[in-house]
Ligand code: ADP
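Given next, in structure tokens, is a single chain: the form predicted alone.
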Amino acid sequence: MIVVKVGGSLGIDYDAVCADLAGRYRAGEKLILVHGGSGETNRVAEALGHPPKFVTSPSGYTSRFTDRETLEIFEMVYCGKMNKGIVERLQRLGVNAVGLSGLDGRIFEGKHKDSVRAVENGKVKVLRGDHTGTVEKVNTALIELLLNAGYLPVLTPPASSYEGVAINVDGDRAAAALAVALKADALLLLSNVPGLLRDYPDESSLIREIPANDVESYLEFAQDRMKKKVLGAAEAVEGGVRRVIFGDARAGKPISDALNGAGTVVS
């Protein structure tokens, strides 16, 4: 069982990811794809006159401030354009993919965080009206039902709160929670860089290996959204996933290359 998370930043080759995924699926592997859509969401939000707002927590993590209107744009892109675009690619490659959000069947479930602490101009402020949370429960029964029937699940945020409200959750940490719940052999976090870089954006400074018991000490090398990937990797290995790989989704065979050791391997 392999959980593959592909990001939503510019430069990602979804055709390459889907072609590689299809080949491995046809060879009999059990795979689940989790995807993002941040780049396209930013573009659509700008076009609709509701530009994205990003906030930085006191601990240095950057996230999207998700008011109700932002959540609706988020769902439009993630659950609509991105999800169905990936499902269509896989269907054309002969893979019977099923696209669902974490809200469907409460695949991803967690607590709704209505307010967020953010640093603005050196001061910590509390912003209310947020629709975010963290995945605390995974509906493995629904995922296993699909896998055992031969389908390939293609999953995306948002998740459901315990009250049934849609919440924006980090895709990398959602994929980590999924990998832990399903006792996956490997979790792949694919993005538009070759892995974790010691000196971003210098791609020759790629960190090849991170010991599983020391993941959090590598947070200092993670820039912006890569911090959440490192956090997700730490949560996955802590939860029993044997191998987490930060890989490159820009070309080639992203999944096979990562499993063959390209990128940053946490084990």
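Treat the numbers as computed from the prediction; the structure is a model and nothing was measured. Residue indices: 1-based, along the sequence shown.
The form predicted together with the ligand exists for this protein as well; it is not shown, and the discussion that follows is about that form.
Placing the ligand onto this chain by superimposing the site C-alphas, using its pose in the model of the complex, gives at least 3 ligand atoms within 2.4 angstroms of backbone or C-beta atoms, which makes the site blocked. Taking the partner from the other structure, the ligand in the model of the complex has no heavy atom within 4.5 Å of any heavy atom of residue 204. Taking the partner from elsewhere, residue 191 is found to have a heavy atom lying within 4.5 Å of the ligand in the model of the complex. At the 4.5 Å threshold, heavy atoms of residue 225 reach the ligand in the model of the complex. Of the heavy atoms in residue 197, some are within 4.5 Å of the ligand in the model of the complex. Three-residue candidate spot 8, 221 and 229; every residue lies within 4.5 angstroms of the ligand in the model of the complex by at least one non-hydrogen atom. In the model of the complex, 172 is the single residue of 141-178 with at least one heavy atom within 4.5 Å of the ligand.
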